[in-house]
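Below you will find one chain, with nothing else, as structure tokens; this is the form predicted alone, and questions on how it binds or moves follow later.
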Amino acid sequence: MRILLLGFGNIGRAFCEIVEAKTPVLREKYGIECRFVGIATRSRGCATDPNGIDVETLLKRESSTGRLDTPSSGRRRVTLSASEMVSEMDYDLLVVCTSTTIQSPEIPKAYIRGGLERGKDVITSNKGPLFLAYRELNDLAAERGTLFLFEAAVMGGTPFFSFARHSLVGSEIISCEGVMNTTSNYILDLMVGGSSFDDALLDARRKGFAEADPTFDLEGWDSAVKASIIAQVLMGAPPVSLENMNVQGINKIKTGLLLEAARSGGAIRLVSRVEREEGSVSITVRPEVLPPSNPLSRVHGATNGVLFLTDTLGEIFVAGGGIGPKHTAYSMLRDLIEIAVSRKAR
């Protein structure tokens, strides 16, 4: 499997490392031989080699020079841009984990479209293109006979979409409620333990759980975007703009309210709800006092959890721990294996 990787930040590096580390398992258990034929960055150059990039050497070069390319690297034009690599190179799988925002997803969306239009399978960890154009991209993949997977885009290492795809086959998802933002969840737990909001946020930053500007997480917008993606993917809903969602964050929660909920055996969680309505879905995000009988009340720290209500099995709860590049990279590896196994079965 020839892989073209766009984005070589923390997630891109972690993906390369986990693919390299799992090479024996991929080969022996799944019959997959992976090689990276192209890796692109926005400002640190690109590396290409149709015979396979030596990832270990590349990581050392980047560590010492800050760049991926060298004057003698590759047998193709060293100046290939990411867009040119998508449209011109020979590869089997396009992996898009470039940095992006919800407000400006057009560049990664163009990369994904470019790969799908060429009949390439695509994996992405980017929420932006899914939030604004999931149906468009999914329809294009179906038209071209390719696979478009994005386990890493929502709730990191939690096996969310793959669980719904494989374990809820034939079931209709009536509603979904979840704790989908680990930054907020981690801060709430620290506050119950006695930290102030500011101290809890500082700790979350130190551990890498919070962005330099955590506003999108703390005001509930990240959870709302994830809920909208879930509604589109699992319920066939059209995109719902952020303006049309009822969204509240955790930035105004008082410690006393958290302690009161804890004394009763429950917990306050930032809960995202997606519910079917007549011909559409409603999405809300807000802090809620959950009783101890609700499994989401036991989702602690840097973890995620989702409670499905289905027409066949009733309630199904899925939870997963972990946040950060390694967990995101593992979700991408899971998608890679699913694509490779699916191709072999055809």
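Worth saying up front: this structure is predicted, and the values here are computed from it rather than measured. In this text, residue numbers run from 1 along the sequence as written.
The following text describes the form predicted in complex with another copy of the chain, which does not appear among the structures shown.
Identify which of 34, 59, 302, 319 has a heavy atom within 4.5 Å of another copy of the chain in the predicted bound form; exactly one of them does. After the contact test, the surviving option is 319.
Going by heavy atom distances of 4.5 angstroms or less, which of 171, 101, 264, 83 would be at the interface with another copy of the chain in the predicted bound form? The residue from 171, 101, 264, 83 that makes the contact is 171.
Another copy of the chain contact at residue 315 in the predicted bound form, heavy atom, 4.5 Å: Because a heavy atom of residue 315 falls inside 4.5 Å of another copy of the chain in the predicted bound form, the answer is yes.
Heavy atom to heavy atom, is residue 311 within 4.5 Å of another copy of the chain in the predicted bound form? Yes - in the predicted bound form, heavy atoms of residue 311 and another copy of the chain come within 4.5 Å of each other.
Quick check on residue 162: any heavy atom within 4.5 Å of another copy of the chain in the predicted bound form? Contact check for residue 162: yes, within 4.5 Å of another copy of the chain in the predicted bound form.
Can you tell me if residue 67 lies within 4.5 angstroms of another copy of the chain in the predicted bound form, counting non-hydrogen atoms only? It does not: once another copy of the chain is placed as it appears in the predicted bound form, residue 67 has no heavy atom within 4.5 Å of it.
Looking at 91 to 99, 113 to 121, 163 to 171, 242 to 250, which stretch has residues with any non-hydrogen atom within 4.5 Å of another copy of the chain in the predicted bound form? Only one stretch passes the 4.5 Å heavy-atom test: 163 to 171.
Using a 4.5 Å cut-off on heavy atoms, which residues of 327 to 346 contact another copy of the chain in the predicted bound form? 327, 330, 334, 337, 345 sit within 4.5 Å of the partner.
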